[in-house]
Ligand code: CDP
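Just the one chain here, the form predicted alone, laid out as structure tokens.
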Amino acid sequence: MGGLHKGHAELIKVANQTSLGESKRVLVSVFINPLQFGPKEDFESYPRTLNNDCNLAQKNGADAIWAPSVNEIFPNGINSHFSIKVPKHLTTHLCGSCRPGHFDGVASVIVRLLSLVKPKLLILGEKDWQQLVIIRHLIDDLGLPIHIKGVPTIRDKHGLALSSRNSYLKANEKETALHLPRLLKESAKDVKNGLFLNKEKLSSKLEKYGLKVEYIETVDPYQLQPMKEGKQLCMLAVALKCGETRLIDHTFLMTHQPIVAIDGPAGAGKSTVTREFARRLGLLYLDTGAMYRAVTWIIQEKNIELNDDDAIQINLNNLDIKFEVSPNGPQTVWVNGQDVSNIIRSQSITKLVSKVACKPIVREYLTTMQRRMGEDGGIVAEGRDIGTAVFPHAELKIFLTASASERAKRRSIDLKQRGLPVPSLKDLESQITERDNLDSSRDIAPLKKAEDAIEIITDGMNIEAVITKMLNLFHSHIPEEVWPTTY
């Protein structure tokens, strides 16, 4: 909305660093939207510094700056065009609770601007987190082909979050305002160290410094619903008045690094995309399916009967599974010092693995091993029951699936590339359907979509499209500020 500062400059720099092909152009829009100001808010006095905005945009690599008038965006007046109503659950808390209609105005003008510009990528700051979340939901609900990238909050050298409204602060108020980021930082550190967050105490401290608290809330970063700090990531958000200036800021409360649980049926391409997805986020890739295949291989290799629980238990007790990441190829799976990466993908293992996986002793042993590997977080785990049984408190759960016919085609290509025998597509599809039935009907940890998992149907999507979709979902739950994407 104008009054551009170093935070906006960072958005422009990120846009220039993002690869979209040779035709990429970076456009900065400046529009002070009357729809998002309440009756007693600062529409008339809001900073209007277009000349400075143009200089900052050009200096930081923008190809153009677009500053339309209200009449250009709303030719027949602001009340003569369709408006967007943001779902109530996204506006019940935080700024939505004390600025009625504000986010409806934001959403209405965003749709208008995007329909005129038709961008491929929209870069937004994470400082206005509620606004960013609402725009993500809006674009997703409308099915707009626009990728959103969030940029971490930019702060001055003292820690104050940059905002156009900071220009309202007097010299002594700027000093007072610094208590907000300082106390937020201390709260996040306390929670990380296992201490209880006392919001009333935090409010009292802020008020002691002359800051008038409007709200202090802890919410789910994706649905913006109240939650208590604990095992899962949550956002501590504060709005207050420093003098006459309204300030907002937030921090994210974490007790461990993020966990992503990716479930789905066999042959949905989980391993391929999950491996690359984990690499780009710098997270450990935990291929739980390979672990069950490894146990199946041991059972088959040693001719153990499936009903011989004693023999299976003995071999589990002596089982050593290791994953070795190769920078130029697939992950290597080692079992008791032997590379079994290819053999555990054979048809004989595939036919038997569901029966092995449903055995209580196998499931219990590997689930314990997987949870131990994920104690500190920082992993992407994929399998058939990761989000429901192994990591039910994962920060993000994805259910990755595809039709049986699509999975049969992919399986055929995979076997051919591995130099293994390739059955007919009809036979492969029958095997996949039978495997789905076995996995979804077993008594112990059956294949099913967790209630809070987000489904991605990958038919017709290439690998890069699926990874991009997953990265978008990741950062809609876990901000770049907390865990940036690495390339």
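For every residue, the number given is its place in the sequence shown, counted from 1. Note that the coordinates shown come from a computational prediction; the quantities given were computed from them, not determined experimentally. Whichever C-alpha set is largest while still superposing within 1.5 Å between the two forms counts as the rigid core.
Beyond the structure shown, there is the form predicted together with the named molecule, which is absent from this document and is the topic of what follows.
With the partner left out here, the named molecule still marks one of 26-34, 435-443, 44-52, 62-70 in the model of the complex; by a 4.5 Å heavy atom cut-off that stretch is 435-443. Looking at the named molecule in the model of the complex, residues Gly150, Arg279 and Leu281 place no heavy atom within 4.5 Å of it. In the model of the complex, at least one heavy atom of Ile386 sits within 4.5 Å of the named molecule. Contact annotation: Pro265 falls within 4.5 Å of the named molecule in the model of the complex, judged by heavy atom distances. When contacts are judged by a 4.5 Å heavy atom cut-off, Ser187 does not count as touching the named molecule in the model of the complex. None of the heavy atoms of Ser163 is located within 4.5 Å of the named molecule in the model of the complex. Out of the listed residues Ala402, Ala357, Ile135, Val238, Ala357 is the one that sits within 4.5 Å of the named molecule in the model of the complex by at least one heavy atom. Residue Val353 is the only one of Ala408, Leu211, Val353, Val106 with a heavy atom lying within 4.5 Å of the named molecule in the model of the complex.
Contact annotation for 359-377: a single residue, Arg363, has a non-hydrogen atom within 4.5 angstroms of the named molecule in the model of the complex.
In the core-superposed comparison between the shown form and the other one, the C-alpha atom of Pro446 has shifted by at least 2 angstroms.
Once both forms are overlaid on the rigid core, the distance between the two CA positions of Arg410 between the shown form and the other one is 2 angstroms or more. With the core superposed, Arg363 shows a C-alpha displacement of at least 2 Å between the shown form and the other one.
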